[in-house]
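Okay, here we've got a single chain as structure tokens, the form predicted alone, with questions on binding and movement later.
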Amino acid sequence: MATTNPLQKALDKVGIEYKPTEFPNCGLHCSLVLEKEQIQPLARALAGKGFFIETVTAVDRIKENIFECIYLFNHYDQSQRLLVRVPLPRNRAVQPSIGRIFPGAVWHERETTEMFGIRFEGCPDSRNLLLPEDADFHPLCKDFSGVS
């Protein structure tokens, strides 16, 4: 029997297993950890099934020497919240941009670049949003000690 679940359809399209979570407990329908190469195909599949991007941000997992790039997607017509985490090495924090797929992601990618230093390859606009253009620091990194 074919599914009518748009999230499951989008995940099936790119070969990612749908593992539902308990929405009442966590506010998410699915949570995934993906490789950075999977984010653009997933974003295209989600866009084709009526999803939008809520946010793009990051978490500094300094003890593990990684950043987690965080994406939160939702559906326009049905409540279908998806959380995607992409681990990146702190010393090579480069992530493919989804800004050409979801134009609303560009602002979030720009802010994440400023705050954490994660570079979004292919982002249509890489200007700073909050910090001066010549800023060479990333205030939300856990090893940030302040501007001298």
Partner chain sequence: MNRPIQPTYTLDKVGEENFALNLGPQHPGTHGVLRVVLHMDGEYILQADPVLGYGHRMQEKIAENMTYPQALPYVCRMDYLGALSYNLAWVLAVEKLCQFEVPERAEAIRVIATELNRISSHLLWWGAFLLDLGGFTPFLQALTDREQILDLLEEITGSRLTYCYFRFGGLPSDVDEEWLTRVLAFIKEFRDRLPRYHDLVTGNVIFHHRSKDVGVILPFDAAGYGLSGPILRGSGIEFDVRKHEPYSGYDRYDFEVPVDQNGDCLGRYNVRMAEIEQSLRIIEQAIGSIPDGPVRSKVPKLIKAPAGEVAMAVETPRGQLVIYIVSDGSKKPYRVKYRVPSFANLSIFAKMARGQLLADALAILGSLDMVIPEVDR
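The structure presented is a predicted model; accordingly, all values stated were derived computationally and were not measured. Residue numbers count along the first chain shown, from 1.
If you look for the form predicted in complex with the partner chain, you will not find it shown, but the lines that follow are about it.
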Whether Gly104 contacts the partner chain in the model of the complex should be assessed with a 4.5 Å heavy atom distance threshold; does it?
yes
So in the model of the complex, is the partner chain close enough to Leu131 to count as touching (4.5 Å, heavy atoms)?
yes
Would you check, heavy atoms only and a 4.5 Å threshold, whether Pro20 touches the partner chain in the model of the complex?
no
Hey, in the model of the complex, is Thr57 touching the partner chain, heavy atoms inside 4.5 Å?
yes
From first to last in sequence, which residues of 58-84 have any non-hydrogen atom within 4.5 angstroms of the partner chain in the model of the complex?
Ala58, Val59, Asp60, Arg61, Ile62, Ile70, Leu72, Asn74, His75, Tyr76, Asp77, Gln78, Ser79, Arg81, Leu83
